[in-house]
Ligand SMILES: CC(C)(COP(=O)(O)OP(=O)(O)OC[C@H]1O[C@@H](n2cnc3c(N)ncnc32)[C@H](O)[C@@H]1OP(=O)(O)O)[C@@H](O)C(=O)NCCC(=O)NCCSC(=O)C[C@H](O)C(=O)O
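One chain is shown next in structure tokens, namely the form predicted alone.
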């Protein structure tokens, strides 16, 4: 499956020290799994978690799910050893927390290369500090390995001295800046987590808001969040059927030398065809994941 077409509707954090949870993840309907060595692991369990995560990533068995290892920051006692081990395990990506400059990306990339990380192993960047948000364009342009921005809205809200609200107005500027930089440089951009597992309606609303803002998918903290996330971030059958008709009508009009196309009474232009093709491609990639 092409990297650019990989569905990333739902990317679930998995505690690095919980081997049982990582085994169970092989049966979950997540597009991607972040095997987490950072926030989810206590300091005295970091080394053990590293061994568990890197062994699981190297052995595989996760089907078509994308496997990402979140390492500790390179300025911590564990970061360099995390990257060295992760590079050798060869996951789909290494996720670096609290990225605030291109220099941090270059340091990570050099360490990955020195330790044999495959070319296919991408760099994902946590965007979760005020400085990181302000440097989003620099970070997005820093390396061809950079493939995805992951919004860390919990840390961002804390650093902004803001509040978690239903409409997320305190972080809307930060979300927009990262979306702009991500789209400018062809990156996937994933929305941050929702912490209230009891508020199912609120969670679905946050998924819909994320989709409307332009996010490709959402990071999650619990398997119960998978089904609504996958539903919201996937094109509906009606959308796919309409998109196919838009593509077909436009291609037919081009053959006939017509400059104007109407589908269901709506004017169709090149930009609509591009969107339709992207929607159909995503639907086909999702179907391939499930096959």
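All values reported here derive from a predicted model rather than from experimental measurement. Residue numbers count along the first chain shown, from 1.
The next section is about a form of this same protein that is not shown, the form predicted in complex with this ligand.
Quiz item: Tell me which of 76-84, 169-177, 100-108, 193-201 has residues with heavy atoms within 4.5 angstroms of this ligand in the predicted complex?
Solution: After filtering at 4.5 Å, what remains is 193-201.
Quiz prompt | in the predicted complex, the one of 222, 64, 245, 55 near this ligand [non-hydrogen atom within 4.5 angstroms] | solution = Checked against the cut-off, the match is 222.
Exercise. Could you work out which of 152, 132, 182, 91 is the residue within 4.5 angstroms of this ligand in the predicted complex, going by heavy atoms?
Key: Of 152, 132, 182, 91, the residue with a heavy atom within 4.5 Å of this ligand in the predicted complex is 152.
Quiz item: Does this ligand get within 4.5 angstroms of any non-hydrogen atom of residue 39 in the predicted complex?
Solution: Flag for residue 39 set to yes.
Exercise. Determine whether any heavy atom of residue 11 comes within 4.5 Å of a heavy atom of this ligand in the predicted complex, and answer yes or no.
Key: Result no; residue 11 lies far from this ligand in the predicted complex.
Quiz item: Is there any non-hydrogen atom of residue 28 lying within 4.5 Å of this ligand in the predicted complex?
Solution: Residue-level check for residue 28: yes, a contact with this ligand.
Self-check item: Exercise: residue 24 in contact with this ligand in the predicted complex, heavy atom 4.5 Å
Solution: Yes, residue 24 sits close enough to this ligand in the predicted complex that at least one of its heavy atoms falls within 4.5 Å.
Quiz item: From first to last in sequence, which residues of 124-145 have any non-hydrogen atom within 4.5 angstroms of this ligand in the predicted complex?
Solution: Residues within 4.5 Å: 126, 128.
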